[in-house]
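Heads up, the chain below is alone and in the form predicted alone; it's given as structure tokens.
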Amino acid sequence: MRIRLAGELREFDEAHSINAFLSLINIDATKNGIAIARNGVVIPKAKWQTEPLADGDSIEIVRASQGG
């Protein structure tokens, strides 16, 4: 499966959901402060378990941080 992650096209084992994909890239989906966009659309965390991924999808991961 080819997924564009942060603008870079990469090959991954098949992931049937956003949660499965996050597991493949070693990101803990249970943590707060993470937002996921698939093909430019933010996916609510409640849908990560069931939201399917397809070959060629583009994924952006944004992590909240403190600063000032």
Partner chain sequence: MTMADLFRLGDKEFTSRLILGTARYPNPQVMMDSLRASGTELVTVAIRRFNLKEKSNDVLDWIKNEFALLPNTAGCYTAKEAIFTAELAREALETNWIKLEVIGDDETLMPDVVELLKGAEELVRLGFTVLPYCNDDPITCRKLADIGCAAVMPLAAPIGSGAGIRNPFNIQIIRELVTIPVIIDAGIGTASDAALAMELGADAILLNTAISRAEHPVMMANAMRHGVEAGRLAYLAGRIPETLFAERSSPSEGIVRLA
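Numbering follows the first chain given and starts at 1. Predicted model only: the values in this text are computed from it and were never measured.
If you look for the form predicted in complex with the partner chain, you will not find it shown, but the lines that follow are about it.
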Would Leu5 sit within 4.5 Å of the partner chain in the predicted bound form, counting heavy atoms only? yes
Contact flag, Ile34 vs the partner chain in the predicted bound form, heavy atom cut 4.5 Å: yes
According to a 4.5 angstroms non-hydrogen atom cut-off, is Met1 in contact with the partner chain in the predicted bound form? no
With a 4.5 Å heavy atom cut-off, would you call Asp57 a contact of the partner chain in the predicted bound form? no
For the stretch 1-28, which residues lie within 4.5 Å of the partner chain in the predicted bound form by non-hydrogen atom distance? Leu5, Ala6, Gly7, Arg10, Ile25, Asn26, Ile27
